[in-house]
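Only one chain is included here, represented as structure tokens and corresponding to the form predicted alone.
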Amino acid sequence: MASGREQWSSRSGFVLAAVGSAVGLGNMWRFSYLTAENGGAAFVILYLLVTLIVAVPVLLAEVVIGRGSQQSPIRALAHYGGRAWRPVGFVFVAAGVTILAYYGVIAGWTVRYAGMALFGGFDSGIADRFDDIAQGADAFGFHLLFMGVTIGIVAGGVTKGIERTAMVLMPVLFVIVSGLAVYAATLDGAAAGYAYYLSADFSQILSLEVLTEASGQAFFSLSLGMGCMLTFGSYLGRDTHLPRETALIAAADVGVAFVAGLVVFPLIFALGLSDKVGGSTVGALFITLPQAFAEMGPIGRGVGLLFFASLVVGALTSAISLLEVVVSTAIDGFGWERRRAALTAGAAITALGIPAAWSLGVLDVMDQVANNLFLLGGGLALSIFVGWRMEDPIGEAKVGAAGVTWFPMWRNLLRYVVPVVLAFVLYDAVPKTLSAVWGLFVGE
């Protein structure tokens, strides 16, 4: 165990912080739209299968490596696999940096919309002004504000900063989302919204493209392949029951994502705005819903405030975990004290997000690179590492989890199933991503 390394003060603190990392904009920004566009209930079933068979084994692998090594990603991989595996740790850190750079911009949008609801409500032309809101000097200003708050929390430390924030904000998020789902169920258009959200078209999930979407969503939503769970696992004590905590994190993440859909689509259909959902995952969340809140009158201001407040909370808890990956790496690698690491890393990532704040095209390409290359590629490398290279992952996983009998099945999934699934997904995703990158640079 690394001398003087910070630790979570309680089991609930770790679980809520890890759930906070998992439950973010991916749940309410991506999941609902992807479900509606890719087969409804059929996509939900595919997503659950991918989560159970692919994502959860990788999640457990990350926390096993983190707790066992008590190190940040780069050193953790080297601890078990030697220097040859350090590049995989660098991929994790690069993923965290890239995602947070553009994620902070999107989070800034949520702060701005929450402020609109709080101080004046949404006007009737809000949907038409999205491009002006989402890019430019104002977008950068809110990105800067959001990143400043994130840096301040991470600088406070694991217990006093990250854990304390999660202990307060995550229960608030659960209450808000549950309350909004109950309210949405009372609307006249709820049934039509549910039908659109959950109609089952099994033909769509037979395509490799939809499998790619489901896998990317599972990894993004659970914060896999970016070192967050590995880093959080490194602050755990040896008596932690890792399978139980992993199951809780995954269940909470999937649950919030599913319930978010029960909020989004009844609201959209209740106000007859279903024909305006399209174009991108951003469409439902930042264009159609604000328009819906504007058309609801005074009550829309309150509902909109609660909705975007939940987005701010989810975005903040996820951003904290992303920044912590980089901060932990700087502390371990350079010997920096936490405040210096948080300020330096946070400032660099904020600067990296400037192009995304000025261009939605840049933001979209950064999103594709992070999800389709870094996360899935990192997950593939990690599954091979734990499945084949790490000497005794089952022995490490068993510590604190006496009586669990399915660890051999877990390792076999990492050896034989996860790599095959992710290799197929990468086969579909890599050419599209590289094409998008090329298009950005040549102006296509």
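Just so it is clear, the structure is predicted and the values come from calculations on it, not from any experiment. The first residue of the shown sequence is 1; numbering continues from there.
Beyond the structure shown, there is the form predicted in complex with ligand PFF, which is absent from this document and is the topic of what follows.
Q: Please identify, from 326-334, 83-91, 214-222, 295-303, the stretch that has a heavy atom within 4.5 Å of ligand PFF in the model of the complex.
A: Of the options given, it is 214-222.
Q: Going by a heavy atom distance of 4.5 Å, is residue 342 a contact of ligand PFF in the model of the complex?
A: Residue-level check for residue 342: no, no contact with ligand PFF.
Q: Residue-level question: is residue 318 within 4.5 Å of ligand PFF in the model of the complex, judged on heavy atoms?
A: Yes, residue 318 is a contact residue.
Q: Examine residue 15 and determine whether its closest non-hydrogen atom to ligand PFF in the model of the complex is within 4.5 angstroms.
A: Contact check for residue 15: no, nothing within 4.5 Å of ligand PFF in the model of the complex.
Q: Just to confirm, residue 22 within 4.5 Å of ligand PFF in the model of the complex by heavy atoms?
A: Yes, residue 22 sits close enough to ligand PFF in the model of the complex that at least one of its heavy atoms falls within 4.5 Å.
Q: Using a 4.5 Å heavy atom cut-off, which residue among 158, 173, 322, 356 comes into contact with ligand PFF in the model of the complex?
A: Contact with ligand PFF in the model of the complex is made by 322 alone.
Q: Only one of 147, 256, 249, 228 comes within 4.5 Å of ligand PFF in the model of the complex by heavy atoms, so just point that one out.
A: Flagged contact: 228.
Q: For the heavy atom contacts within 4.5 Å of ligand PFF in the model of the complex, list the residues of 96-114 involved, in sequence order.
A: Heavy-atom contacts within 4.5 Å come from 99, 103.
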